[in-house]
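Before any questions on binding or motion, here is one chain by itself as structure tokens, the form predicted alone.
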């Protein structure tokens, strides 16, 4: 059986769980936190989660895991059928990750973890987010999902990215960033109607206090 290493607070972990759920795959969750310990680096070379344990070995990095699942279990696809549309789906995933999630992540310490964000970091992040919004609007055609009437892997990335980016933008800049993303309300409502999304979000909220306590104890 597949084993997914990670923890419920991780948005990337939840993206992979949505992909597994969409494919109807059975798997075991192994609660694991990021670590630079040698035994974990043997499995996940950057020490990150999620990491998928398969019969062949370990795969880290969310987009690599999603592609493995699509290749290994093609019967219920989470990427479109044509090569062009699959490339567009990957472009959407890269756009969401590189130009929305990762820039916003630079501001997590001051917004989510009770620490401090440097003024220069705050200044640098906003224009990247603005470009990310522009690119996402150009690439998506919500109907209600990013690529039309069927949810695919980019939607699972958006589900666990856009609310976080909204929180970061609102608390840092007083900016309602979702209001500038085309049909984001429709998209998130459709995605959050899924029972798996509801469960994963509930588990994430439930584990947040434990995660923050551990983080602050370091």
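Remember, it's a predicted structure, so these values are computed and weren't measured experimentally. Numbering follows the first chain given and starts at 1.
What comes next is about the form predicted together with a small molecule, which is not displayed.
Proximity to the small molecule in the predicted complex, taken as a non-hydrogen atom within 4.5 angstroms, holds for one residue of 69, 49, 191, 165, which is 49.
Figure note: of the listed segments 166-174, 180-188, 56-64, 148-156, the one touching the small molecule in the predicted complex, with heavy atoms no more than 4.5 Å away, is 56-64. Each of 10, 34 and 97 comes within 4.5 Å of the small molecule in the predicted complex, counting any heavy atom. Taking the partner from the other structure, the small molecule in the predicted complex has no heavy atom within 4.5 Å of any heavy atom of residue 131. The small molecule in the predicted complex is approached by residue 105, whose closest heavy atom lies within 4.5 angstroms of it.
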